[in-house]
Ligand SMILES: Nc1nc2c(c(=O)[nH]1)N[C@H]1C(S)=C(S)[C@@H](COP(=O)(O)OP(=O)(O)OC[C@H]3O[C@@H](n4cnc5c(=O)[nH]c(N)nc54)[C@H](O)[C@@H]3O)O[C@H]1N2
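Take a look at this one chain, the form predicted alone, written out in structure tokens.
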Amino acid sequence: MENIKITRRGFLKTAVAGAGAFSLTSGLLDFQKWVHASAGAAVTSVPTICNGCGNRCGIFAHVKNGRLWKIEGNPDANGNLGVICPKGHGYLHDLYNPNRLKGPLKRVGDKFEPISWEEAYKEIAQKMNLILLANGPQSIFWVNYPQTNHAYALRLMHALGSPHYFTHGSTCFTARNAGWATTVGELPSNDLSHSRYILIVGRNPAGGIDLGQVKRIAEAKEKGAKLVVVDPRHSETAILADEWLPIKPGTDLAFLLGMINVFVKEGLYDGRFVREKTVGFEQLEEEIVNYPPEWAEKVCEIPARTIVQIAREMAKAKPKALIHRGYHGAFGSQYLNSFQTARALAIANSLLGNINREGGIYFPQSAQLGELQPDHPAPDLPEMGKADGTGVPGRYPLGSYGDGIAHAIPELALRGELKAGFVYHNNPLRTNPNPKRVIAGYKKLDLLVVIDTVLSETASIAHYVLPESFYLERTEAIDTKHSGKRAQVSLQQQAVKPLFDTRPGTQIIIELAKHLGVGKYFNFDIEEANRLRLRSLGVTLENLKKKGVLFVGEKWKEGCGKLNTPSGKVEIHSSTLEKLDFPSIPRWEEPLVSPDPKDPQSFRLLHGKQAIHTHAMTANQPYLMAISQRYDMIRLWMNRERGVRLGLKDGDWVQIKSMVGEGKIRVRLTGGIHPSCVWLPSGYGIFSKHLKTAFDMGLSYNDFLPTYFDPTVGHAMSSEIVVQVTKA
């Protein structure tokens, strides 16, 4: 990569200016000419949504002379409260990145050739319809990283008769969601700014990055709240904490069971809430005696006295005390015991009586968009279930139909069950476990269509690549992501004209549907669809376009009413799990694999985000990659004492090897990580040669992870990796 020299002031100035580091191709506005011409030009401000990560923060895009000038945060947006992170500032430069796709592509032999949109649609439809005729609708799929238009992708699959719509959830959050849903009926939020005691277990919102949560944590601390972070690594969030507890990886369940033991044994729980709003406390009393803090200490390596102290302090602050609801780490898709860990997390919060209470865990207000019917009837639901086993007893009974098990796609393709698929705003060849297996599966497909802005790893092996317009060049579907104490709707809308022959994602879906013969379900455009879906909320599309974000509905009210569980209460004991022959009360479960304590080269491999990168999406951005290099961030974290015993010095090259992969990377020796593990930052290890900035920079944990499916929801168990680390 070219060695870009930057200063902090220079990066921020350039990022805010949004001018890009590149001259545009012939026929488009040259940057130097634009600077001269725009000196006194008027500024147009367009409220829209950032696409730098999945948080989709509210922003204002400011445009001069048809070119992006700068972005600013929208203070009304629940998700970011007016703040923009480095990813948001950096990713906008990709609007002018020469690596962008400039038109549709068709594979001819080992190369791509340009093709018109109309010809691409015709050929895709012909091949897809032949596959449907020969193999049935169960043979096709769609997978995407969640976008505002996901409802239309799902509509397309249902129109074609297929149940196979997938998100990235099985490699991210499905165990957490299932654990909360089984216990309290839905996924709640954290009322951080009003809490007096915040315990965060295996979550890093400051590195994630969740700007709204970080701001609310800071507000709580300013008012005297205590923040305790339990994490094997001294994360960005741990920097803000009053106390950091370096837990042994994979043992978060033991820590929570030890806390629950103290709550129950010492009578620190909210007795009235437990009596009136829960079922199964008696069974919990019988089980939890097996997990005193002294036992937990031996398992998780957090002192028993510390577990007791935290439990007592939280009980004293209840109900304005919370254990963060979690996301990816510990609960999401990490370990064999992640589902039960999420269950224990929900139960521990419930014992504090903080469910739907100020300063505790609350159920956010979420906007319910209207349907397109009767104007545009929806297709019937598919007759068959998902081939991945989602929701099937005896396979993955608690799996989410809306997310599916995306990392099962290669396995299903290799078995011949899936023949064709669409990949949209996703890069499974890089972001799914065991890439050699993933490549083999996707290459076996008879037809692979990728919708992207660049030639990612997955796009590079596609039969057709359809270029999506950059997020600042397109208007998309109404979004309801940013729920809170009052619901919001938001709109991503076009700020500048498309530079190349690209199209918005929803338009591509609609046009594909028409060529595939199911246009009767898509006889609308995004403008009409947005207007129809807003009808039930009592707001107009015109007003939303002006504001970018609108509050809708009633404000949140404190109090725990009837829950969406079989009993209508918090299910400490779950009859659903009992019927499925899963533990109905959380109990200790070992991780699937563990490093050999007698082998000095044996470690558990962990991973996590840095605040400047999103999965593998932003690594090719020159300014963000320059930050990675300047601050030497592309390194493997290792406990300093373990490293010294291996004869390592800080900065040495090491070899990492697992049962499925190996690679080399420089090491960072630090006291800020538990001795039993090493940690890789996510977002690196790009192997698409078309992404020249990011190519061959760093490693990905997916290179070392076998293909796993946990028994409850089928998630990937992404931290069940034991590696050998040696000096290179």
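Numbers follow the displayed sequence, beginning with 1. Keep in mind that what you see is a predicted model, and the values were worked out from it rather than measured.
Here the subject shifts to the form predicted together with the named molecule, a form of this protein not shown in this document.
Checking 216, 515, 106, 615 against the named molecule in the predicted complex, a heavy atom within 4.5 Å turns up for just one residue: 615.
Of the candidates 340, 278, 177, 426, 426 is the one whose heavy atoms come within 4.5 Å of the named molecule in the predicted complex; the others do not.
Annotated contact segment (heavy atom within 4.5 Å of the named molecule in the predicted complex): 676-684, selected among 61-69, 40-48, 676-684, 663-671.
Using a 4.5 Å cut-off to the named molecule in the predicted complex, not one of 404, 463 and 720 places a heavy atom inside that distance. When the named molecule is considered in the predicted complex, residue 91 lines it closely, a heavy atom lying within 4.5 Å. At a distance threshold of 4.5 angstroms between non-hydrogen atoms, residue 330 is in contact with the named molecule in the predicted complex. In the predicted complex, the named molecule lies farther than 4.5 Å from every heavy atom of residue 297. The closest non-hydrogen atom of residue 209 lies within 4.5 Å of the named molecule in the predicted complex. Contact residues in stretch 683-708 (any heavy atom within 4.5 Å of the named molecule, taken in the predicted complex) are 700, 701, 702.
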